[in-house]
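Okay, so here's just one chain, in structure tokens, the form predicted alone.
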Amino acid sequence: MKIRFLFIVILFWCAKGYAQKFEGLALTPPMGWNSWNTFQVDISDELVRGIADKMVSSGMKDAGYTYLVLDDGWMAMERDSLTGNLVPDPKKFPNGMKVLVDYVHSKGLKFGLYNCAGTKTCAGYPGTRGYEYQDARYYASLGIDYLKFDWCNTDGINAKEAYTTMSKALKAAGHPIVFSLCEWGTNKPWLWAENVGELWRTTGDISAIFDGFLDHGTWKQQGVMPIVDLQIGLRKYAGPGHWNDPDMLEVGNGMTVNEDRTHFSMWCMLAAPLIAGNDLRKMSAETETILINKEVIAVNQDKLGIEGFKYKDKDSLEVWVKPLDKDNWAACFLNRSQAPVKVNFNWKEEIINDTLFKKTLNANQQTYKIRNLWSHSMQGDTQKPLVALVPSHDVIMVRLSK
């Protein structure tokens, strides 16, 4: 009788997926770099080595950027005719992939690859449909650390089943790999993916536009602010080891410095993965300063893993807050308008309750020191109102410490 009961319990847990993915991965939002936003399929061995070198020399590695991820276009147009394995494009990667993975690892970084749940990738290369376990074994043999798994060419395929199959294949291959579900939020992965992967896309593709979208006719790339709006209501699904992913960063790809700073700040407030998408080898000093602001990154990487939320919204000025470890808080004053906006925020009149995670910011009971995370300066405490001018499309981001 006891054996039968134990068998039933095991079946229940396996059906729920609790034994499915690797434990202990991505306990804070993953940080790294991805090739797609800037290079699309124009990638090579030389590019990867140059990016890896720059991640180290620029200080990005020391700031927490760990994963170097090759997106679509790394493989040849056909699988190996004898084994069925994926084949790295011999022109782009003449030395094969394992040598390149080893080079990235030698820099103290981790390596990621891309594929797709469909029959072909978004750029028309071989997809994984029907090859899940074989591809997982191939990735394990390379020693990669991260897999981005897209959702093109998937007519008639059930998203939950497809991603669950790939997750099980990665686990069966025996090599821990962070699993990034790039399903675009179409099938609401936040409802079912916690035990499937470590992060899941909540929206379609991002573009280097602050507001609005980039229209391609049959599909649209969304701007930074529309993507922020789409995150509202999803924070209850995120936490250590399972993150909402509003897509990669467009910092350094054509927006203004103010807009880049706002973009980065909001991704940190949202506890979003920080995956840079610019050409690191050519980034400006302003871009580097934004991407390597360790004080802002610390908000993103806070070990509580609580996603921030919009507390207040008036006249294009939004106030976002995020509970942090040791009962500290982060606050971000976001100006979405075309003109500067004055902030006059009286902490003692604003009792902020995070009812979802049972956290309260009450300046009448506790005085907090205020540090501006972009100017790297102390700005008094919560005994007095915060009075400042926020430029157009910019933020004031502060940390409140007990």
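Keep in mind that this is a model prediction, so the values were computed, not measured. Residue indices: 1-based, along the sequence shown.
This protein has a second form, the form predicted together with ligand GLA, left out of what is shown; the following refers to that one.
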*asked:* Among the candidate stretches 170-178, 146-154, 308-316, 79-87, which one is within 4.5 Å of ligand GLA in the predicted bound form when only heavy atoms are counted?
replied: 146-154
*Quick one: from Leu230, Leu214, Ala123, Val99, grab the residue that has a heavy atom within 4.5 Å of ligand GLA in the predicted bound form.*
Ala123
*in the predicted bound form, the one of Tyr138, Trp320, Trp329, Trp184 near ligand GLA [non-hydrogen atom within 4.5 angstroms]*: Trp184
*Closest heavy atom of Asp205 to ligand GLA in the predicted bound form, within 4.5 Å or not?*
yes
_in the predicted bound form, Tyr67 touching ligand GLA (heavy atom, 4.5 Å)_ = no
_Does any part of Ala272 reach within 4.5 Å of ligand GLA in the predicted bound form? Heavy atoms only, please._
no
*Give a yes/no on whether Phe111 approaches ligand GLA to within 4.5 Å in the predicted bound form, heavy atoms considered.*
no
_Triplet Ile209, Glu250 and His393 all within 4.5 Å of ligand GLA in the predicted bound form via a heavy atom_ = no
_Contact set, 34-52 vs ligand GLA in the predicted bound form - heavy atom within 4.5 angstroms_ = Trp36
